Every structure is written in C-alpha cells, then in structure tokens.
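Consider the single chain below, provided in structure tokens and representing the form predicted alone.
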Amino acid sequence: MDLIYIIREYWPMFARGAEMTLFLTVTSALLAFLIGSIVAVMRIGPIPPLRAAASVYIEIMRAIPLLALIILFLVALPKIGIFYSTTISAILTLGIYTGAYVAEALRAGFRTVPKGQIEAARALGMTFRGMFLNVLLPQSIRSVIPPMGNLLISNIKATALAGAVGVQEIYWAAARVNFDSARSIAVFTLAAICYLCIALPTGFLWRKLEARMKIVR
C-alpha cells in the first residue's frame, strides 16, 4: 500500500515538518495575541488617531490574502535592507495577519460588558487604564475563548502557506516527497493526518479550557 510505503520511507521528513508547524503555530499565535491586544486597546481607547490607526490596520490585514502578504514580506523587505530567514518571515507575517482578527475578537468581547458598569467606572473617576484592567478585561476574557480557539485552529492550517516560501513545515515536506515518489494521494493523505494530529488535540484542549472558564463564570 502506498501510504504504508510513504510512512516507512519518509516519516522522518514529515516528523520534522510537524515540529516546524508546531513551532510556527505557537510563536505566531503568541505574537498575534500580543499585537491583537495592543490594537484592540487602541481601537476602543480615547485617542482618535490611535483608533483610526487600529481601524486602518485591521481593514488592510483583512483585505490582503495571507499568501500575498507572506510573499510581500519575503521579497519586499530585503529590497530596503531588512534581511531575515524564511522562518522568521513566516512567523512575523502570520502574527501580524492573525493579530487583526484577534483584535476584532477582543473588541467584540469588550462590547459584552454592560454599559452601566463602564459608566459607573467613569463616575468613580477611573482612568481608561484602570477601567480596562478592572472592568473590561476580567469580564470579557471568558467570552472571547471560543473565537480565540477558532483562530488558533485556523492558524495551524495557515502555516501550510509558509511552505510556499520554503519553510520546511508539513506542506513543504509533502510537496518534496510527492516530487520524489509521485504518489500524490498517499503523500497528501499523510500530510492531512499530520495536520489532524496537531489540530484535533488542540481543539480538544481548547474546549476543555472553554468548559472550565464557563464553570468559573
């Protein structure tokens, strides 16, 4: 059977690809959460220029295809003297791109906080920082757990686009093995299994986290 042959002969390459996929997922997700948190605060903050800048960033990221952005980062920045590896390029691009969606998810969570509590915080003389840390963030964090899980799973799948620029993740390994073996169905079936082995446990653990947060609520 072709699949057994591919597993036996090329499993180490797929294993290394899976390690890189995990690395890209974790690092880019952390970067996306950092960027998204900053942008979300800018988006709801009291300073109009920052609100406008956050809105422009979100709209631009949502309008540009991720693959085009990855290639743009890889090709354009060296032209102005900024050089880094394809792996760093993929992490930055995935983080910056996903950060826009994280910002919108967080902003939607902030809007679940009753307006009366926000007005009460203002009446007590709280600064925006104090209101954010003591009123908005604690009450909204639970409501954004489900969309954050969806974004994390999407990020796992989006790492496949990094293979298009030479990052040695699962899709890159599958493309190389397919070129060597000419067994497309078996090769990409194994690639799909590798993605499932990452995405399914991640989704299961995230649902556990979501259930735990609901219990505490």
Partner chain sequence: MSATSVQPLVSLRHVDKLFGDNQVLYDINLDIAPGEVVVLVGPSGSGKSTLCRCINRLETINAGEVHVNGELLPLEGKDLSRIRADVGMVFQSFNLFGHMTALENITVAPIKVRGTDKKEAIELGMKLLTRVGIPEKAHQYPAQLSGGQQQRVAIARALAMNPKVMLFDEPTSALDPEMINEVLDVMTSLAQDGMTMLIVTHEMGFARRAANRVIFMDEGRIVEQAPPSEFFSNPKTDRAKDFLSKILQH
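Residue numbers count along the first chain shown, from 1. Quick caveat: nothing in here was measured; it's all calculated off a predicted structure.
Another form, the form predicted together with the partner chain, is not on view; read the next lines as being about it.
From the list 118-126, 94-102, 143-151, 79-87, the contact stretch for the partner chain in the predicted bound form under a 4.5 Å heavy atom rule is 118-126. A residue is said to contact a partner when one of its heavy atoms sits within 4.5 Å of a partner heavy atom; L74 fails this definition for the partner chain in the predicted bound form, lying far away. Although the partner is absent here, T112 sits far enough away that none of its heavy atoms falls within 4.5 Å of the partner chain in the predicted bound form.
Residues of 125-142 lying near the partner chain in the predicted bound form, listed in sequence order, are G125, M126, T127, N134, V135, P138, Q139, the criterion being any heavy atom within 4.5 Å.
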